[in-house]
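Listed next as structure tokens is one chain, alone, in the form predicted on its own.
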């Protein structure tokens, strides 16, 4: 039996003896985040580091500046330096095969964090929010706000989706499109740009500037007459929504559309308060971080790891056992309860 197996058995015996989960002092956990450029990844990393340290772990937290080769190198260094479990939020889900092979060779469990790691059997678990539900929340918000079941329309819709290299982006998009497509097919929703398919509306790296440039082109090509209004702009997350909102501010004179988002970033929450964004799906990263810390502890202690989905997330090689947290939406009516009263933000941060 190898050294890791002996360690896990020893810890499992300790757990049974004490009747509770205990963590080995100084066990090092590698946490790989994609970038510091988006607010949410800073929050995810900070939350997880704090909770892991509170649980007695040493934390090797690294950010990869949205560069795949940097992330690959960082993870390989984590493995070489003896990290016992890896938590990875991938820049591109299919680009870390070499590092995952190295983890498997060293029998290091891997938790895919919020973005599924693709094309590898070295992924032990996946922890995320219900990504398809994120899209359905956005789609249902649009249906209810426009009262599409009771009015004839038509309403003009534009769509901005996420990074094609991020497996989650397809779930977000599909959840919303599955809700909205019957209204597109019936003519209640019209897409003047004609851009509906995912590959037409995707935004590489979720970049605000890319979303803004595309939105400016759509506005100049389809809404420049001063008479045609865009009634709703489905955006998969807040960084893309911010780009759309910047384009609207600079290039659009019609009635202001419903704009959706996700993550409740500070600037977008301010825009919700100011009426520039209708809603944002709130995924409390504290909840996700806490769940991952629990899963790490269960792995290290040799316990059964909590999952609630063993069917949905096929990474092309295996179906990865997953734990899905449930998202909710925030808007100008409930943001105080969700974001301030819960301690996620202070009032000063949203001034």
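Computed from a predicted model, the values in this text were never measured in an experiment. Residue numbers count along the first chain shown, from 1.
One more form of this protein exists, namely the form predicted in complex with a small molecule; it is left out here, but the text below deals with it.
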| query | finding |
| --- | --- |
| Complete contact of 138, 260 and 282 with the small molecule in the predicted complex (any heavy atom, 4.5 Å) | no |
| Per-stretch contact check against the small molecule in the predicted complex, the hit in 183 to 191, 208 to 216, 67 to 75, 167 to 175 (non-hydrogen atom, 4.5 angstroms) | 167 to 175 |
| Contact label in the predicted complex: residue 324 to the small molecule, heavy atom within 4.5 Å | no |
| Contact of residue 83 with the small molecule in the predicted complex (heavy atom, 4.5 Å) | no |
| is_contact(residue 40, the small molecule) in the predicted complex, heavy atom dist at most 4.5 Å | yes |
| Distance check, residue 114 to the small molecule in the predicted complex, heavy atom within 4.5 Å | yes |
